[in-house]
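To begin, one chain is listed below as structure tokens, in the form predicted on its own.
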Amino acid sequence: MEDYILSIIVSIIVGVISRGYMMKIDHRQYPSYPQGFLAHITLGLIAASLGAVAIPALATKEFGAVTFLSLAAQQFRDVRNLERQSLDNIEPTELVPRGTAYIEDIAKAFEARNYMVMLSALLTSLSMNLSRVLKLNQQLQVVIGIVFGIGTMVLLKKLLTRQLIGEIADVKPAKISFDGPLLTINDVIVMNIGLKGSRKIYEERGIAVEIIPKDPSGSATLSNIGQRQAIQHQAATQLGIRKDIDEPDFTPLARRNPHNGNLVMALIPMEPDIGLLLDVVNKTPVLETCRRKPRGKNLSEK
């Protein structure tokens, strides 16, 4: 096993780098810093170690060590469950919740990224050991291993990158108006606002968008309640929201126009900025569990 120390060390380093490459702490603050960040880097180190030792274990006929890969898969599924549970626990503290679909999407992403680390380390180790069999010098072995590892990392990240709302729909500013107590956006009734004071705030500070799907698949995806909840959460998180507990009038609500499948949504942010709202909605991820690809044509085309 001593002959494989170099490939194991390089593979572990490449694997950890690949986990860091996928790590992103943004406005969602998940994973949180520093506890969550450290936890995920540590899991990445474990996954990289498992991928790094797989080839040397097979080469030295230590088949028992390879069984740890199957145990790792079970552990990573447990990680997914822990991520889901953690987000479920803090969901009641959100003024505008993420929704179960968004939580499931985040949990799946963290599980998949551990597999990405393992594959990056595994292919780094495989390429280095093949180079060793070909009797290339150690420096060249390291270079080949790093190139294969980084190539795997970049390819997997591209494959795991989600679509954005801006890729499946056009997002445009919309007009807020009232029909008596009914809040309407581009003539689509959204909800009943009974208090005159609340209606006045909407008229003075409210901003709204209309999300127009580009095709039937986009229309079906946007009709999913989980996807709409994700859009509402992203908008409220990025722009801030003029809302406190037990103020349902100011909760952003995305409504679907049943005639053409378009979505409309109004928001009362702390600082009204329609340009920023358009940008946020465009960059909201399309959730994997919400994607739809219907065979038939859109009802509006019939």
Partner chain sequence: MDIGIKESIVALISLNRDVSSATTPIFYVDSEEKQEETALLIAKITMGMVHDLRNGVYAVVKH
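Positions refer to the first chain, counted from 1. From a predicted model like this one, the values you see are computed outputs, not experimental measurements.
Beyond the structure shown, there is the form predicted together with the partner chain, which is absent from this document and is the topic of what follows.
Among residues of the shown chain, residue 181 is one whose heavy atoms approach the partner chain to within 4.5 Å in the predicted bound form. Not displayed here, the partner chain is kept clear of residue 275 by more than 4.5 Å at the level of heavy atoms in the predicted bound form. By the criterion of a heavy atom within 4.5 Å, residue 154 is excluded from the residues contacting the partner chain in the predicted bound form. The partner chain is not drawn, but in the predicted bound form it has no heavy atom within 4.5 Å of residue 147.
Of the candidates 81, 192, 161, 137, 192 is the one whose heavy atoms come within 4.5 Å of the partner chain in the predicted bound form; the others do not.
Contact annotation: the partner chain lies within 4.5 Å of heavy atoms from the stretch 239-247 in the predicted bound form, the single such stretch among 239-247, 50-58, 261-269, 37-45.
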